[in-house]
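Heads up, the chain below is alone and in the form predicted alone; it's given as C-alpha cells.
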C-alpha cells in the first residue's frame, strides 16, 4: 500500500492541473494511483487558501486519517502555513508549496524511509517541508497525465501581481510568471497527440499574458490554428487588463468558446477601491456592454464577495443592482473571510455574520432567479 497514492483536490482549476502534474510525476517514479483513500498508503491533499471554508474542509479531512498512512499537504495552504501545519495536524508527514511540486516523489521516498520500524527520528528529522521554491521547472508540464481523456488544462502563467487586498494568491503562488508560448503550444500538441480535443488555458490573470511579441490575443490566435483542436477556452480574466481586442478575437476565432468569466467582486466604487481592484463600476459595466455587442450569444459569469470590511447597506445595494442590471449567466458568490498575509486582514472585519448571511442569501436568490431564466445551473 505504501506505493499507492490517493490525492484529493481542493479549490480552483489551477489546483486540478497541479494535481495532474503531480500524478504524472508519481507514475514516472513508480507509484500507483488510486481513487480510494482506503486502498492508499499515501494520502495527498492539494489545498486552497482563498476562502476560510476551503481551509476548514482540509483540516477536517486531515483529521480523519490517523491510521498510520503517510500524509502530505500540498499547494496554497502548505505555502501559507509551512511547518505550522505540523503543530495543528501532527499526523501530517510533509508539506510542499506550489512551486516545489516537482519534489513530491523524492519527498515521499524519504518519508517512507523515515517510517521504517527500525528507524528513530526526532520530530524535526521526520517532518519535511519544501516551500522555498520561486519558480517551477518547465518540464513538469510534460508528464502526459490528464484526468480527462478529452479535455486538458494548460497553464499559461503562474502566480499573480495584482495584490487585491482580500486575496492570498500572490503570497502563496508568487508574482506572475509567464510560460514561453512555444512551450505552451508544445504541451497542447502533446495533448492532441493523446486524442484530447478540448483545452482550457489557465492563469490567475490570463489577459496579462506576455512572451515577447506574443500577448494574450496573439496566443489565442496561435492556439486556434492548431490542427486536431476542436474547442478551447480560458480562465480567469481581470477587468483592468480586458479590452475590446480580446472581444474581437473571441468573435473571430471559430474554435474559441464564447465564454468569459470576469469577476466583478463588488458593485460599489468605494469597496472596489478598498479591494485594490483597479477599475470602477462604470468601467466594468462599459466593458460588459462592449463584450455583448461584439461577441454574439456570449456567456458571462462572475465572482462576487459580500460583507467586505466596512461594506454598508448602500454598498451592498450597489452590488445587488449591478447583478440585476448585468444579468450574468452564472455567479460564484462568497461571504468575505479574512486571509492571512493580505492587506484586508489589517482591516476590522466589522460586517457581522448575520448581515453577511442576509446579503449572501439575497444576492444568491437574485442570481438563481436570473440563472434559471437563462437556463444556467452553476450558481454557488
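Positions refer to the first chain, counted from 1. Computed from a predicted model, the values in this text were never measured in an experiment.
What comes next is about the form predicted together with a small molecule, which is not displayed.
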message: Which is the contacting stretch out of 297-305, 135-143, 88-96, 211-219, given heavy atoms within 4.5 Å of the small molecule in the predicted complex?
response: 297-305
query: With a 4.5 Å heavy atom cut-off, would you call residue 330 a contact of the small molecule in the predicted complex?
result: no
- prompt: Taking 4.5 angstroms as the cut-off for heavy atoms, does residue 105 touch the small molecule in the predicted complex?
  reply: no
query: Is residue 334 close enough to the small molecule in the predicted complex to count, meaning some heavy atom within 4.5 Å?
result: yes
- request: Mark residue 202 yes when one of its heavy atoms lies within 4.5 Å of a heavy atom of the small molecule in the predicted complex, and no otherwise.
  value: no
- request: Find the only residue in 131, 224, 236, 181 having a heavy atom within 4.5 Å of the small molecule in the predicted complex.
  value: 236
field: Residue among 191, 167, 101, 154 with a heavy atom within 4.5 Å of the small molecule in the predicted complex
entry: 167
